[in-house]
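Starting off, we have a lone chain in the form predicted alone, written out as structure tokens.
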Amino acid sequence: MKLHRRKSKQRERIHELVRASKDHPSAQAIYDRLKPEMPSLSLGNVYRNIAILLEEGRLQSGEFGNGTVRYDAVVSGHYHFVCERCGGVSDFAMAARDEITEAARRLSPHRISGHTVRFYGICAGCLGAEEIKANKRR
């Protein structure tokens, strides 16, 4: 039985911020970005509201290699790119391949519900910074 929750300005603002973010912010980053406009906001409020948004299926969470859980408002199947240099996470513009999940279902005795793919490498921002440094040395 799903509980009916009152609409919360903080919760809606947290969802808006995550939806508008391309960097998959952590709870701390969400708190840091919203605190100036919402002085009564606490980190505990952020975590409680994130939990509700996850339960409602309006956010998804993921840990991308550094132990920090990050949040994403794109809840449909999609892939991610993780920069090995700066740790940045972004959505990868490639359609999720349902046939991978189907193949896994055929091969496994487990009940497969989906899959994730993460691409790793150096992001364009870090590559640009690398190029700038190389040009300065010349």
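All values reported here derive from a predicted model rather than from experimental measurement. One-based numbering along the sequence shown.
There is also a form predicted in complex with another copy of the chain; it is not shown, and the following applies to it.
In the predicted complex, every residue of the candidate spot (Glu84, His110 and Val117) has a heavy atom lying within 4.5 Å of another copy of the chain. A heavy atom within 4.5 Å of another copy of the chain in the predicted complex is found for one listed residue only; from Ala51, Val74, Leu43, Ala104, this is Ala104. The closest heavy atom approach of Cys123 to another copy of the chain in the predicted complex falls within 4.5 Å. Proximity of Ser61 to another copy of the chain in the predicted complex: non-hydrogen atoms within 4.5 Å are present. Mapping the unseen interface onto this chain, Arg97 counts among the residues with a heavy atom inside 4.5 Å of another copy of the chain in the predicted complex. Shown alone here, Phe92 lies within 4.5 Å of another copy of the chain in the predicted complex, counting heavy atoms only.
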